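Quick heads-up: it's one chain on its own, the form predicted on its own, in structure tokens.
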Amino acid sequence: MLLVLSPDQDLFRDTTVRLLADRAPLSRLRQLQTDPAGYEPGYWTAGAELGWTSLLVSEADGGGNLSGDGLVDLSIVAYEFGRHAAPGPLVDTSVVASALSRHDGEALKAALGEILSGAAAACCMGVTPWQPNRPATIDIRRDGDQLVINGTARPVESAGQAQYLLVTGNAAEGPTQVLTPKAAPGITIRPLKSLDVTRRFAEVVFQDVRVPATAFVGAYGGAADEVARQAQVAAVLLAAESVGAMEAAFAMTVQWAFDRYSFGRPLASYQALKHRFADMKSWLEASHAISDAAAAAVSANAADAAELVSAAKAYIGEYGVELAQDCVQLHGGIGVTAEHDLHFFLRRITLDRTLYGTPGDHRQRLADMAVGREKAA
């Protein structure tokens, strides 16, 4: 993803690539399309041992990173996840681990240890700050020394495989987050069909779910800033993942155009197709640039981080699908068959486009920020 990697980052990426190629090749994922997890036993634990789950967690809590910039390091993994259409709750587990590491509490730290080891997966749920027109569907209220959760969240990635749920809901005092075991009484999980055949999603229903007050992640009614930060991190990782999928689809199509002959000439030699490849390459390079810029800005808590995140999500969500659809068309009839690998990347890009805010949501957010600046001037 990055133009220049440090030796440590380069080694980390190569090791990630080897693990994905060995444990989750597309040929194997085809055979696991009906499997509840979507990957073989031991795959996620092996990734955790490599460091996938710990890059946003401090060393004091058992985490650590390579470059001093954990989000940028993690975006390298996300890029490779996209380039291999890899399964696993990388984004949500990383967000949950990061949130737990910033707060004290014996129960929270115990859950964090399980997540970092890969023994437990985790997912987060709730409406992001970028979806103001979609009402929150989870309510959290106090009842003595307990919290009561009611509502529904969908789609939730890997809810069926997760052992812990980081729930974002509305309380009387404001947005609130709690961590609850998936096995808590009153939680119902219903599998959903996913456009991306290598990932699993579900609907999670809470009916008078009771958890102790020690389950708070942060302050009661004071999670707004935390939720905004989590949403930015998730959007950065999804952008990096989409760029990886775009890269794989584009490389596959260029190779096809050189290998496939028409009237004694490779398809890549025709001027009309060269123009289309030039457009696609420009979209891809721009996506690389805006994704890298958003990751660096969020990691540094830059003043323009929110703007860059929304610009990345809007641009990549729009042109990623455009590029993938062009790749399908340039392949001809074989491009629309399930036997060809191209659809894995089209599905990944299309799904990532909708998570944590659609391009339309983020364009609206950019417009609102521009209006806000004008009023403040």
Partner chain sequence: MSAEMNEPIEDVEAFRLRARAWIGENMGPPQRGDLVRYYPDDAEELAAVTRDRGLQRRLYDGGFAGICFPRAYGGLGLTPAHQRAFNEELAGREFPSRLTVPTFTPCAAVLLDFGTEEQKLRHIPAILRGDEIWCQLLSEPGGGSDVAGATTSAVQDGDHWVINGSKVWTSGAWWGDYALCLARTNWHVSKHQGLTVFIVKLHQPGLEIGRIERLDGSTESCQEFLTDVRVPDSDRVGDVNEGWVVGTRWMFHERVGHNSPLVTMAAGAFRGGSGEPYVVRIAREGGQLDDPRTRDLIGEARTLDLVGRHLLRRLALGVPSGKLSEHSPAVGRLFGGIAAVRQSTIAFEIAGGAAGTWAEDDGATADVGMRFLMRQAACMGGGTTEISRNVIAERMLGMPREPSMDRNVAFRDVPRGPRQTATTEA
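Everything numeric in this text was worked out from a predicted model, so none of it was measured. Numbering follows the first chain given and starts at 1.
The protein also exists as the form predicted in complex with the partner chain; that form is not presented, and the subsequent description refers to it.
Ser282 is the sole member of Ser282, Gln207, Gln146, Ser117 with a non-hydrogen atom within 4.5 Å of the partner chain in the predicted complex.
In the predicted complex, none of the heavy atoms of Leu355 sits within 4.5 Å of a heavy atom of the partner chain.
Contact annotation for Ala300: none of its heavy atoms lies within 4.5 Å of the partner chain in the predicted complex. The partner chain in the predicted complex is not approached by Ala183, whose heavy atoms all lie more than 4.5 angstroms from it. For Tyr315, a non-hydrogen atom is located within 4.5 Å of the partner chain in the predicted complex, even though that partner is not displayed. Note on the interface: of 25-33, 337-345, 306-314, 42-50, the segment with non-hydrogen atoms within 4.5 angstroms of the partner chain in the predicted complex is 306-314. The putative spot formed by Gln9, Arg13 and Ile138 is not touched by the partner chain in the predicted complex; no residue has a non-hydrogen atom within 4.5 angstroms of it. Residues of 275-313 that come within 4.5 Å of the partner chain in the predicted complex, judged by any heavy atom, are His275, Phe277, Ala278, Asp279, Lys281, Ser282, Glu285, Ala286, His288, Ala289, Ile290, Asp292, Ala293, Glu307, Leu308, Ala311 in sequence order.
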